[in-house]
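First comes one chain, alone, set out as structure tokens in the form predicted alone.
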Amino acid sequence: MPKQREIDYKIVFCVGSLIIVGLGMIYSSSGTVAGYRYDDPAHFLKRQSIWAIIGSIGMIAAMKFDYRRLQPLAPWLYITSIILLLAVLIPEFSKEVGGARRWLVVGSFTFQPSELAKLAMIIFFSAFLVKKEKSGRLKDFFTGYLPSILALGACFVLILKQPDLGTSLIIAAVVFSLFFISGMRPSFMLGTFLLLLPFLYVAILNVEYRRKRIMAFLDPWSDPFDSGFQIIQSYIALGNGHFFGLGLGEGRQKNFYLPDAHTDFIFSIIGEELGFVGCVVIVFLFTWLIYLGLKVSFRAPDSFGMYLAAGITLSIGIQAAINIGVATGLLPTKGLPLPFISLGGSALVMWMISIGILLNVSEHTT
């Protein structure tokens, strides 16, 4: 058995720093909206703080749970996530917000099953790839690759139906990264990508709001009061911040100018209030966290731990890169929150549980 080591406090520091910054920026960016809607400027801060406490408990529990015990549970986690993704499409069990049906409702409690699906798919495919490695069928199309694509496809389609193309693509990107790491034949993956291109074209350009987002990405000023409005306001926020920012709480774009200032576009408010320096610090923390996570993956004592750590790290890195890319106009607008920072209870809890698993793998590294 590999020698057990201490907790990787560098990972804890990165995540803790991001969460603390997130709480401060949620209060700053949502105070005006929360005061108007709920007569309490700290409404969203209080809500996110409760989720942070729940997430901390989940992270500690995951740290204490031997990650190797997740391997036999992987199929059940996959089945559970599929059932929840099916349930969210039933109006009686879910609620619709902004034309999307992504939240399960149990009394006053709401939960986003796609956030659970991200982690469940990482665990499932980590176990799946280990099983195929041991059986020598990893590079076989019919017994190795095809079943994995069918399993991924079921999750992809159900999340796409909500609709949530962004989360679907992130899960697919992480899973395909694990395929590449495992040594699956690149020709299989390339063939799948080419086969899916027409479907992605239809899913993006044949849906009006997605097509508008693409056009706004190419030229936001062609429709400055509709599809281009959000990214233009994001540019203004980032431009206002200059090098050191206007100061915490002094931003102007959060005052009903920039939609989703405390969720998808919180990075823009960071740029406005903390400036270029604040943005660099956030990018550094994510980069450092990704480096530490990949280091855990490379030093994991077994293949399951390697895939698990790599999948968790890549999911954080890919989503953070997309969110920052959208806020800075490098990518088309997509409703994806910034991990650990944006408002979102179920997302924060699942990210923290994922970090707990990563820390557990780290404790067993050689």
Partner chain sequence: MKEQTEKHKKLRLTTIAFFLFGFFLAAIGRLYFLQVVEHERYTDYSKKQYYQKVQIGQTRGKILDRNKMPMAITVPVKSVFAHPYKVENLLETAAIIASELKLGRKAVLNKISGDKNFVWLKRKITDEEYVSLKAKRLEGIFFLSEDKRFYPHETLASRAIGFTGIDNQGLAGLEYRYDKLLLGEKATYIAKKDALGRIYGYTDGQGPNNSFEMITTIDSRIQYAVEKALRASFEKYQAKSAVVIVMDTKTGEILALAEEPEFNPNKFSDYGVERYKAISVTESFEPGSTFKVFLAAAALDSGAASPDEIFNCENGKLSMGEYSIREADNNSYGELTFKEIISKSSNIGSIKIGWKIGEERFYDYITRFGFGSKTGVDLPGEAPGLFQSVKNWSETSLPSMSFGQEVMVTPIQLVTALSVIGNSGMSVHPHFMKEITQNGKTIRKYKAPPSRRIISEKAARQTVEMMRLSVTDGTSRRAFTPGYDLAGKTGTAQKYDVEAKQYSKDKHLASFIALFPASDPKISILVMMDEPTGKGWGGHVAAPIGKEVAISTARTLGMPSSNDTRYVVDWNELERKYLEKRKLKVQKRAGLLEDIENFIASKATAYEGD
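Computed from a predicted model, the values in this text were never measured in an experiment. Numbering follows the first chain given and starts at 1.
Just so it is clear, the following notes concern the form predicted together with its partner chain, a form of the same protein that is not shown.
Highlighted residues Tyr235, Phe276 and Ile318: every one comes within 4.5 Å of its partner chain in the predicted complex, counting any heavy atom.
Using a 4.5 angstroms limit between non-hydrogen atoms, Val283 touches its partner chain in the predicted complex.
Contact annotation: Trp103 falls outside 4.5 Å of its partner chain in the predicted complex, judged by heavy atom distances. By the criterion of a heavy atom within 4.5 Å, Lys95 is excluded from the residues contacting its partner chain in the predicted complex. Interface membership of Thr192, defined by any non-hydrogen atom within 4.5 Å of its partner chain in the predicted complex, is ruled out. Here is the short version: of Leu70, Met59, Leu336, Leu314, the single residue with a heavy atom within 4.5 Å of its partner chain in the predicted complex is Leu314. Distance criterion of 4.5 Å from any heavy atom to its partner chain in the predicted complex singles out Ile290 from the list Ile290, Leu165, Leu158, Leu84. Heavy atoms within 4.5 Å of its partner chain in the predicted complex are found in exactly one of 140-148, 201-209, 75-83, 255-263, that being 255-263. Residues Val283, Phe286, Thr287, Ile290, Tyr291, Leu294, Ser297, Phe298, Ser303, Met306, Tyr307, Ala310 of 282-312 are found to place at least one heavy atom within 4.5 Å of its partner chain in the predicted complex.
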